[in-house]
Structures are given as C-alpha cells and as structure tokens.
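Next up: just one chain, as structure tokens, the form predicted alone.
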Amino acid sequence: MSAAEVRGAEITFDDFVTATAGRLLRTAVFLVYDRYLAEDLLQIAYERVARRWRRLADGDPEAYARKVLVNLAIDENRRRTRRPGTPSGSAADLERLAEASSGAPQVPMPARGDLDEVLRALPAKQRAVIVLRYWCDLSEQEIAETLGISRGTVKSHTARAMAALRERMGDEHMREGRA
C-alpha cells in the first residue's frame, strides 16, 4: 500500500504499520545510521501513533509518524554527541531491508566510505532535510511541517547540506584519483 493509499483510507492501525514499516524503517536508518537504533525509534514512533490513532486515522498518520521519527532521530543525535564512542551501524543495512521488504525498490548502496560517510558527517537537521527531500520525496512545505521550521530554513539547510556533500564528495574522488 502506497503512502497515498494510506492517507485518508479507512484502515486499522495494524494495516497502517504493515503498509508503512519498510518506508519508515529505511528513513530511520538513513537518519541515525544504526539499524537497531532505527528499529527502536520506529517502535517508539508507532507507539505514539497508536496512542493517537483515533485522531490520526482520518488524516495522514504516516506524516505524523515521520515527524515523530525525525524528532526522535535528532534527539538521539544530540545524545550521541554528549556520549561519544556510541557504536552505530551502517546504511549498508538498507540493502538487506530492501530485499526483505516486498515491493520495495532495490536501491544500490553507496560504496562504504563514500556517500555513507559524507551523509553521516552532516549535522542532524541537514541530514534530516536531505533524507526527507531526496529519499522520502517530500516537498519543502512538508519538510517544514515535519521539522517544525520555515520553508526558508528548509531551503538553507538543503543548500548547506548539498554544498557540504559536493565538497566532501569532490574531495574524496580527488584523493582517490591521485592515489
């Protein structure tokens, strides 16, 4: 079931979880770069959706779940900066998730140490904007609503993140060319 079919359809919470689990888990993995932490955050997000299901079922419960998930990921990133040395996984876990999810697109994973490392180095909000924009295909307005920021802030986060990605990816490729 696609996101559009979930939105506004009369479905049960169990149907909602089944329809959105793959998309939201992949989003969470990109946000925190740790498969197991992503699963934990998604579980918390689903718990919060379940508590508000009566109000959310008629609207867009996936948008609410995504907003909760992004906020949890940003909070977790702050906790990790206060606790350096916390182990984390890799976005390579996404390949296994894509294979396990029925109907999920097979996304080629970046080479280890390439895009994966560059995305991981971005500040949490910039990474969230990039993931929501290019992975979840949300509009600037939807991202602004999800993160609770203005469209202008979304644009500036996107511009800064893309500049950092271009710079770091260019540096990586230039170093490889010289070696």
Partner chain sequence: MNDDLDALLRDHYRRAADEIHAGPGTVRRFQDAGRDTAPARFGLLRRRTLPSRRWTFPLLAGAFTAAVLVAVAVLFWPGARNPDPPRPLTPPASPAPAPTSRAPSRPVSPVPSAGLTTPEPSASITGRPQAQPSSAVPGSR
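Everything quoted here is computed from the prediction, not taken from an experiment. Residue numbers count along the first chain shown, from 1.
The discussion below concerns the form predicted in complex with its partner chain, not included here.
query = Looking at its partner chain in the predicted bound form, is some heavy atom of each of A73, R80 and K155 within 4.5 Å of it?
reply = No: no residue has a heavy atom within 4.5 Å of the partner.
query = Closest heavy atom of K125 to its partner chain in the predicted bound form, within 4.5 Å or not?
reply = Contact with its partner chain, no.
inquiry  = When the contact criterion is heavy atoms within 4.5 Å, does L147 count as touching its partner chain in the predicted bound form?
reply    = Contact with its partner chain, no.
query = With the cut-off set at 4.5 Å between non-hydrogen atoms, does Y64 touch its partner chain in the predicted bound form?
reply = Answer no; every heavy atom of Y64 is more than 4.5 Å from its partner chain in the predicted bound form.
Heavy atom of I130 within 4.5 Å of its partner chain in the predicted bound form = Output for I130 is yes: heavy atoms within 4.5 Å of its partner chain.
ask   = Though the partner is not shown here, which residues of 119-138 have a heavy atom within 4.5 Å of its partner chain in the predicted bound form?
value = Stretch hits, in order: L119, I130, V131, R133, Y134, W135, D137.
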